[in-house]
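Just one chain follows, in the form predicted alone, and it is written as structure tokens.
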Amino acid sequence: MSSKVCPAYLSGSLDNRIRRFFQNPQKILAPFIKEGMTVLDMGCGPGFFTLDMALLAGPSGKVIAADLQDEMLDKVRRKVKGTELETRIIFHKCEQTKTGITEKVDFALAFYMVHEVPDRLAFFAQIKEILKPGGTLLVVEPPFHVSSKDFAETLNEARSLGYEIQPGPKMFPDKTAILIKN
């Protein structure tokens, strides 16, 4: 699997109407995010999921939009500037090998990004550390970067840390799983 990060200059391909039609953030995330939750958009990129996460968490909830690249975080900042969502989103710049996040979260999303992580075991351990008991991590990986064998390996690494693994939402042809902190 690759640990190469999608560059910010390609972010337009990550946030467009066509993608929204096939990967509707509200439809994907509504079963997981409730009013008042603190949620994490890990590897938020240009914020394709971030804004919808903030809407679902509502005025009493919050979203931590985390990314390695300042350029990606700046794109999200510009989208929410002057809107009601601006106060619900906390921006966090991660390091290559450390998330640096300490706030406890109810739900975390890792959409099309785990294959970019150089040390998945360390990544899953760091997410588990900040998930509240019973908290969930939704992992979605793209078919064009991640084989079924690689995805199974990824889930085995998470399982070795004590995550309970459940099938994720059906999103053909993506690979999905729900990881629950016990």
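Only a predicted model underlies this, so the values are computations on that prediction, with no experimental measurement involved. When you see a residue number, it is the position in the sequence shown, counting from 1.
Same protein, other form: the form predicted together with a small molecule, not shown, and the subject of what follows.
Looking at L138, you'd find every heavy atom of it more than 4.5 angstroms from the small molecule in the model of the complex. The small molecule in the model of the complex is approached by F49, whose closest heavy atom lies within 4.5 angstroms of it. Interface residue remark: L85 is not counted as part of the site for the small molecule in the model of the complex, having no heavy atom within 4.5 Å. Within 4.5 Å of any heavy atom of the small molecule in the model of the complex lies no heavy atom of F91.
The three residues V39, L56 and G61 each lack any heavy atom within 4.5 Å of the small molecule in the model of the complex.
Of the candidate stretches 110-118, 148-156, 24-32, 130-138, only 110-118 has residues whose heavy atoms lie within 4.5 Å of the small molecule in the model of the complex.
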